[in-house]
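The chain below stands alone and is given in structure tokens; this is the form predicted alone.
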Amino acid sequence: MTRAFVFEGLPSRVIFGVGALGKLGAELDRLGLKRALVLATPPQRDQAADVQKQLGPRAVGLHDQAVMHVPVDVAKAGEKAARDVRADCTVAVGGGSTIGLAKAIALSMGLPVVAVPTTFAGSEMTPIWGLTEGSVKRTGRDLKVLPRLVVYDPNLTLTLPAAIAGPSGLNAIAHCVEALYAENANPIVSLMAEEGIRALNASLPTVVARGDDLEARSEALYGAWLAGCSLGMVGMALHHKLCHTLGGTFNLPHAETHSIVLPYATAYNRDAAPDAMARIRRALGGADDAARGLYDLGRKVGAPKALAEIGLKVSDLDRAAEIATQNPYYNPRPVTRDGVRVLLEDAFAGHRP
């Protein structure tokens, strides 16, 4: 059989390793960036302030108002903060919420993004942006939101609580899973996606059980990097459409929503993507079924198992199914309202698929 595929790499620089944060200032100098606005969520202000102090005069401000799903008014406030200090870049210290704000600023103002991830979500490696307005989350792709530099330092994850670390890593695994059956999947990205699942499956239980294990946290960050790269280079499918709907419309927590929906979206596509399912089973250490293996990993790392646990109501299910199927992403199995409604009902209850 001959091969035929398209592979397009993304232009970003990654500095990875324990102590890598110490190289951030020199890396900004290398890029010719002199006026960085440091971004964070309110709870991560102290961590961001440490980065600001380390950067010295290269950091001209700290804006700590990032929140999940990037509401439009929050994005506009971030843009104003960047203009007020005449920033020539943003340094996002945190997870998907903070990096999402940096991307929104980049989309509007063109400011380069430097990402310093403190979770395992992987969004720092993608050119995908998201903005929420009127309870609807819009997403898109634009290379100008892709971080120019990403600094991965496992030390920065040591303060990440287990309750956040588990869902964060499962969020990254979701990127890998969908990359395996994306419309534009290719063998290079599939290798990265399978390795990302393997690394996260091997490390997350230890990350959750032992908060000071730098080796496990390094392996989880490695998996997150691969996950973000995978998602960034190919398309998304039903899982991400559902999570964008649930997050943007019902304001459900991002990582927890991904961790709950993932096994059920995988089960929905089980028969339509057999090669992807085989890779997932192998990466999970030989699980008998991809969807059940992902569900079991969620239980190992203490992630919530049901949408009912994180705030969704039974009365929301019909509306969620309707919105998620109005403009569906590509998916290997045809997306139908009835099929999605059953999927959401299963995810609401949290039974093993």
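Numbering starts at 1 and runs along the sequence shown. Quick caveat, the model's predicted, so the values are computed rather than measured.
Just so it is clear, the following notes concern the form predicted in complex with nicotinamide-adenine-dinucleotide (NAD), a form of the same protein that is not shown.
- Listed stretches are 112-120, 182-190, 264-272, 197-205; the contact stretch with nicotinamide-adenine-dinucleotide (NAD) in the model of the complex is 112-120, by a heavy atom cutoff of 4.5 Å.
- With the partner removed from view, the residue among L131, I164, M277, L149 that has a non-hydrogen atom within 4.5 Å of nicotinamide-adenine-dinucleotide (NAD) in the model of the complex turns out to be I164.
- Only one of A82, A106, L231, A220 comes within 4.5 Å of nicotinamide-adenine-dinucleotide (NAD) in the model of the complex through a heavy atom, and that residue is L231.
- Although the partner is absent from this view, L156 contacts nicotinamide-adenine-dinucleotide (NAD) in the model of the complex, with a non-hydrogen atom inside 4.5 angstroms.
- In the model of the complex, no heavy atom of Q52 sits within 4.5 Å of nicotinamide-adenine-dinucleotide (NAD).
- Contact annotation: L160 falls within 4.5 Å of nicotinamide-adenine-dinucleotide (NAD) in the model of the complex, judged by heavy atom distances.
- Residue contact with nicotinamide-adenine-dinucleotide (NAD) in the model of the complex: L238 places no heavy atom within 4.5 Å of it.
- For the three residues T257, R292 and G298, a heavy atom within 4.5 Å of nicotinamide-adenine-dinucleotide (NAD) turns up in the model of the complex in no case.
- Contacts between stretch 24-56 and nicotinamide-adenine-dinucleotide (NAD), counted in the model of the complex as any heavy atom lying within 4.5 Å, involve T41, P43, Q44, Q47, listed in sequence order.
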